[in-house]
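The chain below stands alone and is given as structure tokens, in the form predicted alone.
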């Protein structure tokens, strides 16, 4: 089959690899019909390269048709149409029962000290082959795949794999009070969708911050009050401008949908790039232990949120020794929640919105639909923020 493989920093290729097969009785094989390109994939493209191995199959936002199931997958049959969540979870351990499938005790990558295994996402998360491919082996298929109806195009449901539950959880974790205000830092796919979810859930005002014209335009057209980072001489001016619109206090909640791709620290970017060029055994230690994250967005969130407010982190951060302004966070009584989205926890709440009325605008959410063969170009355009690339769906 064809699959998108990682071969090195900023080097992805479509190659022919062996077809997946059933290995465990809880496996399923699906024929992939659509697979998204996620902002988290860009971390693998450049920042997290020390944790990758040439030939790794990328992608964690797939949907498709069930081709084969193992004997312990009673809820699926060949021909079913399914969306596959990005995390792999069993559905019956203590963590899954606590609605924390991203911490699944059956699939935890304990050797790396990490949570549940993820599709297509480095050795830290199990090095499980991903879904930017013609076929995908799905472990723990008795729980993970979400059956969806025939008829509507893939766009209606494919975002249940990651974008929708990640944005939904980001808003839930933000604890926006009824009629409250929220600022979303970063208007890529997750930030854009988080704005939409916040509006549907009753936020009175949503502020969006980015520096890419296409992203700002998309959010503005849906009623978001947008701020172009390039219009401000530093973070303090931006914070002051949003404070001016919130009676001087700041928004009730801030969602950081940027993470380690944040602009604002040349030194941190240099350290990231250096780690990516070193041998993997050395570079991975630097990436794990040294402060290599570009944390500009998180620092902005701390300054921006009102006293007693909440910061919700959905952007991925990778370092383990990052300095935090703990005095400020303590003094402002900031509440902080973060983590990978627990996909299956939120699906039942999201599905009623995937109707013909389409209040979240999923049908027109993708900016680009490309064949799998064009994946290298898609990664490059997305990473460089070129060609109006906000969300890419690839079809094998």
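The model shown is predicted, which means the values in this text are computed figures rather than measured ones. Positions refer to the first chain, counted from 1.
Just so it is clear, the following notes concern the form predicted together with a small molecule, a form of the same protein that is not shown.
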Answer with yes or no whether residue 86 is in contact with the small molecule in the predicted bound form, where contact means some heavy atom within 4.5 Å.
-> yes
Partner contact for residue 362 in the predicted bound form: the small molecule, 4.5 angstroms, heavy atom = no
Does residue 296 reach the small molecule in the predicted bound form if we count a contact as any heavy atom within 4.5 Å?
-> yes
Close approach of residue 43 to the small molecule in the predicted bound form, 4.5 Å, heavy atom | yes
Among 377, 13, 10, 385, which has any heavy atom within 4.5 Å of the small molecule in the predicted bound form?
-> 385
If we test each of 145, 130, 189, 251 for a heavy atom within 4.5 Å of the small molecule in the predicted bound form, the one that passes is 189
Are 209, 212 and 340 jointly within 4.5 Å of the small molecule in the predicted bound form, each by at least one heavy atom?
-> yes
Choose one stretch from 109-117, 92-100, 130-138, 296-304: the one whose residues place a heavy atom within 4.5 angstroms of the small molecule in the predicted bound form.
-> 296-304
